[in-house]
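Take a look at this one chain, the form predicted on its own, written out in structure tokens.
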């Protein structure tokens, strides 16, 4: 995978600054390595092959959601309904798989329906924000409530189990390798293909200067709608990963993940104002959040203090990442 960035000024020689301009995800990578070392210091077993695989499996959904958020941020937008879309897809596919018998055909059919549902949620957001010109933060907050309401209608109470075929496949092995590695490989291929498309460049151009993009003939409204559609697609993929990890449906499972996804995007070196993003950085930002949560647990933090310590740690890491990103763009 390569960072998806847009350069608004020529790269100047300057050692560290040059590296930060070329690879804006470097601060996030350094932070991830440091957190891995700290986790290993407090719990050596946390660096075992099995533990790292489990970490990747658990936080693959957040990785997908952070990448989803990256594409709308590229155009200077934001999607506060990404977590609600994840929740809606989660409960819909669990219900469909159960009604259709839980076999292989039911799983495939439900996943296709989930992808279409995610795309539909993204297009709705795009139309509301780009075509109707409502403020993205307010409009997507409203649609998040709407999507959550639909999820609660589909499954009023959490806990409906997913078919064993689905979660055993996600948590199992294929040809001796954990299945999550194949998920990561497909994700890398998908991101590589997307990075070579005109859409990514157009999203960055819109985020860099929307008025200038319009004047050059770019269909700004359509580009932003496509960005939200991509966000909906990756939110659906995140729902698949979460369903495989939790083996159940929950209409509120994504409520907390939306803000985590935004934090992961910023931690990864992207600019919320648009025009400067990196999907590799977003992936690393999601892992950072996962490693911070693990570190707080391994440190033996009392349960009543865990949220406080997690929030403080993420804030400190976020400040470090943002300062490094500003230095790169200065």
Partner chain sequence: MTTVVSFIKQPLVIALLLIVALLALGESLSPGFASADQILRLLIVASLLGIVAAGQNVVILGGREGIDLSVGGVVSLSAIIAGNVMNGADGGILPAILACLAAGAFFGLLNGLGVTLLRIPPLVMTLGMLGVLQGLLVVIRNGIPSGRAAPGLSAFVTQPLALGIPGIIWLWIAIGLFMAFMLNRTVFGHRIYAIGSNEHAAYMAGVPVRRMRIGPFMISGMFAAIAGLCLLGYSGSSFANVGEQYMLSSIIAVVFGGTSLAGGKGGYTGTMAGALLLVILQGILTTVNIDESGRQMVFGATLLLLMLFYGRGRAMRA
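Bear in mind the structure is a predicted one, so any value in this text is a computation, not a measurement. Residue numbers count along the first chain shown, from 1.
From this point on, the text means the form predicted in complex with its partner chain, which you will not see here.
Contact annotation: its partner chain lies within 4.5 Å of heavy atoms from the stretch 212-220 in the predicted complex, the single such stretch among 212-220, 106-114, 232-240, 185-193. Of the heavy atoms in residue 266, some are within 4.5 Å of its partner chain in the predicted complex. Its partner chain in the predicted complex comes within 4.5 Å of no heavy atom belonging to residue 296. Interface residue remark: residue 96 is not counted as part of the site for its partner chain in the predicted complex, having no heavy atom within 4.5 Å. Put simply, residue 200 is far from its partner chain in the predicted complex: not one heavy atom of it is within 4.5 Å. For the options 101, 161, 149, 172, the residue carrying a heavy atom within 4.5 angstroms of its partner chain in the predicted complex is 149. The contact with its partner chain in the predicted complex, taken as any heavy atom within 4.5 Å, belongs to 78 out of 257, 204, 78, 91. Contact annotation for 296-319: residues with any non-hydrogen atom within 4.5 angstroms of its partner chain in the predicted complex are 304, 305, 307, 308, 311, 312, 315, 318, 319, listed in sequence order.
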